[in-house]
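Only one chain is given next, in structure tokens, and it is the form predicted alone.
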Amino acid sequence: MEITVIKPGILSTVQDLGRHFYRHQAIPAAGAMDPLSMRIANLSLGNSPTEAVIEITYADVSIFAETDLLIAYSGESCLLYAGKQALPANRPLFIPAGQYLDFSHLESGSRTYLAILGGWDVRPVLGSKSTYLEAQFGGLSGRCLKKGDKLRSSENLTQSNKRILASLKGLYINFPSWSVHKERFTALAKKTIRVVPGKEFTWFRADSLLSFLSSSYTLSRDCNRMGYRFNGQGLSRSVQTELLSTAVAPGTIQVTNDGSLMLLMADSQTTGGYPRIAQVAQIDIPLCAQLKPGDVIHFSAISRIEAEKLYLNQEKELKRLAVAINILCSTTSIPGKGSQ
């Protein structure tokens, strides 16, 4: 299966779940900013959740189907159109060759993930296909997509892949009546970000800690895959000790010298010298990934044990989803409901 990029959008890159075993060599994980949407797009096709996808930032992306395609998309920033026909998210979509597909912007989020049957076929670097833009490796030569790029799918298909393709393949656009209910895996309060107190949490004055957990913060325009800056009540320290450069990770919230908050994201550095007031619970990283400049959020403190339980429960539900889709594909045909 093959596509040609007609319009690449603001920032579209190939990503997977990242490279996680090289942080001691100062190599960030990179990977999908919203790993939940990425995994749901893959699982909808019967793919392994680790297969490479295209991460679309906002929208304004157009592709051409050089061959028949079986794709799925998930996220908050786009609605996919084939001509005037809107195509639903979170389910497999059969697209016959010769179709132009356009991703139109939605106001609800900032990133959407496009998966293809078997995953996108790019060369792994250090065990991952993720694009790391700063060092220019991974993905397509370490860069974002550009007009004229051609991408192909892997030919290493699972039995689930083959069954879904056989059930939907035809002369016209086709997709099943079922879909993945993504809301089942996300928090109801999408603007409340749960955090675990960080190593330097007690370095801040009591009134600043109260403000951190009760005030609202607005995402500034100074945000990218490396990190976000927030506008809001400045925080004051009670401990003036300078912190030696120490370990940080995606989800770490640092407090800069002027008292403002900085949230590290997928492409962040591996060490930093600002005090770490908190760590975003892993389950809420996807919520952070979908924030846009001007969005207002609140932070809510939970314990490390609670954060671990939430994460493990989500992982259990995602494994159940993969099993359910596999059973569906192995025991029944998939009725299509697409149109000519």
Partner chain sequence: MIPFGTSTQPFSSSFSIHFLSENAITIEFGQKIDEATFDKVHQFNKLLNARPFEGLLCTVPAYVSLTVFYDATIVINAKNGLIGISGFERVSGYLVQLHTQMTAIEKNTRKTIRLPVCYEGKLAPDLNYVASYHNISPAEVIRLHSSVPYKVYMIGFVPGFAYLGGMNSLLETPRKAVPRKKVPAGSVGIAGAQTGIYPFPIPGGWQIIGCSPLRLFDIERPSPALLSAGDEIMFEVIDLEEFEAIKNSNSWKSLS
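Numbering follows the first chain given and starts at 1. Computed from a predicted structure; not experimentally measured.
Form predicted in complex with the partner chain: not shown, discussed below.
Interface residue among 161, 208, 252, 167, judged by heavy atoms within 4.5 Å of the partner chain in the predicted bound form: 252. Screening 236, 154, 202, 186 for any heavy atom within 4.5 Å of the partner chain in the predicted bound form leaves a single hit, 202. Stretch 193-201 is the contacting one of 72-80, 103-111, 193-201, 176-184, since its residues have non-hydrogen atoms within 4.5 Å of the partner chain in the predicted bound form. At least one heavy atom of residue 312 is located within 4.5 Å of the partner chain in the predicted bound form.
Using a 4.5 angstroms limit between non-hydrogen atoms, residue 271 touches the partner chain in the predicted bound form. In the predicted bound form, the partner chain stays beyond 4.5 Å of every heavy atom belonging to residue 320.
Although the partner is absent here, residue 66 lies well away from the partner chain in the predicted bound form, with no heavy atom inside 4.5 Å. Scanning 102-139 for heavy atoms within 4.5 Å of the partner chain in the predicted bound form gives 123, 125, 126, 132, 135, 137 in sequence order.
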